[in-house]
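Read the single chain below, which is given as structure tokens and is the form predicted on its own.
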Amino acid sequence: MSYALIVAEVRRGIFEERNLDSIGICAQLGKETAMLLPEGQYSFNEKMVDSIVKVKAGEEVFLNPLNMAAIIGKIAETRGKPDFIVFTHSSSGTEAAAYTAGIFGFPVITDVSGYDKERGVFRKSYYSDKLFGEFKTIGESAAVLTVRSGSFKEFAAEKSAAPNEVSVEDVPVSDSRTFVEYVEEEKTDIDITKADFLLSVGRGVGNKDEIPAYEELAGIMKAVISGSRPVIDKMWLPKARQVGTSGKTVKPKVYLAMGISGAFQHIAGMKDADCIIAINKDAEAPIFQYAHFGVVADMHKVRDALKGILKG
């Protein structure tokens, strides 16, 4: 039977939006889709898939990649081997994909961000979207994919018929790893996801001593300051101010990116802003591909010019 098995990502009983990218790439592949979920009730449009496979196990079982491999093996025994096994490109998704590929000897393509239907070629990027690789599966082996968030959800569409529902029971559970708990992120007085105007600084800021000047500019502009991962990793801004796949996904009315090159992890977190303004001295910076307005200039000089104009 020709089909694609989508391993859904759920957290605290919530169906993650990034699963829509997994559904979307399967639509591009033209495959019948089976959505694999732990037991529970989830809020999403079930008519986007052809069938739903519920496992009689809790969410914590899915978080163990050894259990996931066992679940996939059991499904393959009863339903037949899938053509593709699709995971989200997240920390848990990539780990489970690696285990699945290794245990069954399947080829794996990670971080898929594009697909050429005519040639049957998968695409992924390197070096902040400055270089792209193309991959094609050969032979009859199932292929394991991890899908970049924000790349395919536009192709996820409702089907004409409601999905079939089946259940999987008696799943062998490994005791070599145990889920302990979810760790809540630090709560702060500012929620960047609620901001209408974000001034975001990146690696180009240079050093921590420059941050106060950008905080001052943000105050003058009535914006909220945020940052890309390099700035957060250096602890120049708190974790709660990080924009990107490992931080927050934001959709402000205005996103002013200063000194941010535009790695895909960052782009995925802000590309849906109403207006994106990018300032970077590198004319080839990937962020200019997504910006509505771009300025090729030294970010510090632009900062000082804006402060001078606004203080007027």
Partner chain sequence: MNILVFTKRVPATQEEELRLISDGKDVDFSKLPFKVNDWDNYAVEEAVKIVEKGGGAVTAVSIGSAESDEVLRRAIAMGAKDGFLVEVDQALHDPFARSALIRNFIQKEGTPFDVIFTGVQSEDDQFASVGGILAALLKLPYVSMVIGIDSVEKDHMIVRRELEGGLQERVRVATPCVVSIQSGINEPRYVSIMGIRKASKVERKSFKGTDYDAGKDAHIELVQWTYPPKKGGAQMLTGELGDVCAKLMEILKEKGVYQ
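Residue numbers count along the first chain shown, from 1. Each form is matched to the other, and the largest set of C-alpha atoms that superpose within 1.5 Å is called the rigid core. All values reported here derive from a predicted model rather than from experimental measurement.
One more form of this protein, predicted in complex with the partner chain, exists but is not displayed; see below.
At a distance threshold of 4.5 angstroms between non-hydrogen atoms, V166 is out of contact with the partner chain in the model of the complex. Mapping the unseen interface onto this chain, G247 counts among the residues with a heavy atom inside 4.5 Å of the partner chain in the model of the complex. Using a 4.5 angstroms threshold between heavy atoms, T193 stays clear of the partner chain in the model of the complex.
Contact check for R241: every heavy atom lies farther than 4.5 Å from the partner chain in the model of the complex. In terms of contact with the partner chain in the model of the complex, the residue from E77, D233, E154, E158 that brings a heavy atom within 4.5 Å is D233. In summary, among the residues E210, E95, E216, D83, the only one with a non-hydrogen atom within 4.5 Å of the partner chain in the model of the complex is E95. Applying a 4.5 Å heavy atom cutoff to the partner chain in the model of the complex picks out E9, R11, R12, R18 from 6-28, in order along the sequence. When two forms of a protein are overlaid on their rigid core, residues whose CA moves 2 Å or more are considered shifted, and D274 is one of them between the shown form and the other one. With a cut-off of 2 Å and the rigid core superposed, A195 has a Cα displacement that reaches or exceeds the cut-off between the shown form and the other one.
With the core held fixed, the Cα of V250 is displaced between the shown form and the other one by 2 Å or more.
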